[in-house]
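Okay, so here's just one chain, in structure tokens, the form predicted on its own.
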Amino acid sequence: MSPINLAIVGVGKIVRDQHLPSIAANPDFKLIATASRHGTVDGIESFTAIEDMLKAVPAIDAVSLCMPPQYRYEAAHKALSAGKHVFLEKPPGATLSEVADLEDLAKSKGVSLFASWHSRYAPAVEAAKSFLGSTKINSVHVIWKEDVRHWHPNQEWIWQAGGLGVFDPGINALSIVTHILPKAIFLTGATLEFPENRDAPIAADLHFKNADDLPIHAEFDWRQTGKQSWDIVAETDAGQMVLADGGAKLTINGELKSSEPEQEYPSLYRRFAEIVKAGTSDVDLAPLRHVADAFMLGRRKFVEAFHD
């Protein structure tokens, strides 16, 4: 089978750090075009608008959309309407409704839509899922705290309505939790901290449970300095499980069980190739639904202004 001719829309840091190396290493894909207001890729035909790219390069089979979520629906709609398979960076959109509409459009056009959750492909996630499925879980504590000035410097879109604020990294934790827990969870209470000069939260304290009243507590914070924390701790009948470093390392009762090199984005592109070849879609909205629930149910607390 010939490689899938791929285009990227939105050439920014995540594309250069993760997408381009993963595409280059995957023989199922061939990058043939980009569309971005500012970024280009050496040796690849570039455009500033997706509609110009789709018109000028009809050989495109699939499109990876890597712009901020507030602007993704329009681009995805154009690509799907043109009969292209679409890869959505996380979060898949600014609202649940627009992603549901894209899913319906993909189905009507007979093309694949992929809502990617890269943290689910962290190396120790499947081992954690297997462990939790083999024992009784008594509680879960999620600690996802990082320094926004380090990871998102001068990214104004992330503080705007629809940019999600601290949920931009926090949704990665939710993507893992919703994958590794045996039963569905739902939000019971939340406090969201908004800087007085921003439209998106800088911290969130969330409480969930499932049908068995399993308590799940999640703490998201963008004000962490020093060591960054991306950990999920579960107390179980078989002991304590710690899924650390964003899903990279698994320990059970203090014993290291899994620690492998990070392969998240290569795994995403392998999955995208699978669904394109199979003619299916993969659109799990559980992580985004929990974020929407937090905004709907959460108590707002205003804190001091944030400046980069």
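Fair warning: this is a prediction, and the values are worked out from it, not measured in the lab. In this text, residue numbers run from 1 along the sequence as written.
What follows is about the form predicted in complex with another copy of the chain, which we do not show.
Novice: Within 4.5 Å of another copy of the chain in the predicted complex, heavy atoms considered, which of 142, 94, 106, 137?
Specialist: If I apply the 4.5 Å criterion carefully, the residue I get is 94.
Novice: I'd like to check something about residue 149: if you look in the predicted complex, is any of its heavy atoms closer than or equal to 4.5 Å to a heavy atom of another copy of the chain?
Specialist: No, no contact at 4.5 Å.
Novice: Do residue 11 and another copy of the chain come within 4.5 Å of each other in the predicted complex, heavy atoms counted?
Specialist: Residue 11: no contact with another copy of the chain in the predicted complex.
Novice: Using a 4.5 angstroms cut-off on non-hydrogen atoms, would residue 209 count as touching another copy of the chain in the predicted complex?
Specialist: Yes, residue 209 sits close enough to another copy of the chain in the predicted complex that at least one of its heavy atoms falls within 4.5 Å.
Novice: Does another copy of the chain get within 4.5 angstroms of any non-hydrogen atom of residue 19 in the predicted complex?
Specialist: Outside the cut-off, so no.
Novice: So which of 233-241, 162-170, 82-90, 110-118 is the stretch with heavy atoms within 4.5 Å of another copy of the chain in the predicted complex?
Specialist: Result of the contact check: 162-170.
Novice: Would you give me the residues of 283-306 that have any heavy atom within 4.5 Å of another copy of the chain in the predicted complex, in order from first to last?
Specialist: Read in sequence order, the residues that approach another copy of the chain (within 4.5 Å, in the predicted complex) are 288, 289, 290, 291, 292, 293, 295, 296, 297, 298, 299, 300, 302.
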